[in-house]
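Quick setup: one chain, the form predicted on its own, written in structure tokens, and binding and motion questions come after.
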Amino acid sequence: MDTNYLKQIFKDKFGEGGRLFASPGRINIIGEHTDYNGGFVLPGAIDKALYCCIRPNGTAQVRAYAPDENPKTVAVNSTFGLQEADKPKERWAQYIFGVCREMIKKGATVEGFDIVVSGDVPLGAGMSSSAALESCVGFALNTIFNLGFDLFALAKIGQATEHNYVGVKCGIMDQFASCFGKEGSLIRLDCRSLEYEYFPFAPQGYTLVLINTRVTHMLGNEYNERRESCERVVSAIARKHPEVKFLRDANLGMLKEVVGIVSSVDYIRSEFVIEEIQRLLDTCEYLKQGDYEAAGREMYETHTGLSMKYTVSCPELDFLNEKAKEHGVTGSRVMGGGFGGCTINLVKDELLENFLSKTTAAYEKIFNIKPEVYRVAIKNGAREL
């Protein structure tokens, strides 16, 4: 994205002195539905980001402008105070307001500021544009007001913003990846302890590409049902193994002990989670060895599990996964909660153009939807430009 364009908009609207900040969206290579089971995830920050140009304005008001919003449907200007009663009506501005409020609740002194926000993280494609916005605003405010928060605190502020001001009870993976992203590395985050470790990811001769089914995510009750399935199995296992607090603490042997005690649906969903946690750990070892073909095979296994055991895929996602196999793609799977969204694909460069052209044409012919394609690379997290 041309950040000079953003600075010019800021200058035209608010005058000189704006500082530029960026925070990226994210992908997750492997590890789905493991976070709420105390397991691991393996995200990376990408080369698509939210940007802001910002400057204190010496008042108690925030003047925000979002040039990307459609003025026919959404107000692109939003002015609001910093008290709890000042929450703006515009949804995009609620993220900015929420970050301010969460910082203030932690004892920080946030004063009025002018801000222009824009970005190139695709909306609704599972790359966490909302977390990118929260992390960008948080990092910027922390810098311009010398608030002293570390990256962990900024990630938690972003998560709390989702919970308290947007109404989404998300985990911390998205904000964590946006804050802690490192070029050429994925982050293995332990969702129980929040310990993390970087693993190399710089596959020479491969491209990471996302294909968006353009089928809307419909999580809601489906998501909650699966979470409850896992919790019921944990309760059953814990009667004999009280040390088991999450499925992450269990193994397949323990799971077999509750056959007939839990439902077959709960059993097979839990089997997927236990297997997925191990797949992620195996994938980390393959990345240390630079074995991307083996890592790709784990991605395919994840898709099969998500489709057949956890049943969170859909015909469109399964079609894209099958086409990836047909065209020799190294690894492919549904990314995110499921029921729509994107597949993430690790493709050898010499196969890429043929795979994309043939697959998108076939998809459009069968589903009468033109899929969207995003090539991504692993880059750094939140920063001042």
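Residue indices: 1-based, along the sequence shown. All values derive from a computational prediction rather than experimental measurement.
Absent from the display: the form predicted in complex with a small molecule. The rest refers to it.
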| residue 56, heavy atom within 4.5 angstroms of the small molecule in the predicted bound form | no
| Is residue 170 close enough to the small molecule in the predicted bound form to count, meaning some heavy atom within 4.5 Å? | yes
| Looking at the partner-bound form in the predicted bound form, is residue 38 within 4.5 Å of the small molecule by any heavy atom? | no
| Residue contact check: residue 246 to the small molecule in the predicted bound form, 4.5 Å heavy atom | no
| If contact means any heavy atom within 4.5 Å, which of 313 to 321, 58 to 66, 352 to 360, 333 to 341 contacts the small molecule in the predicted bound form? | 333 to 341
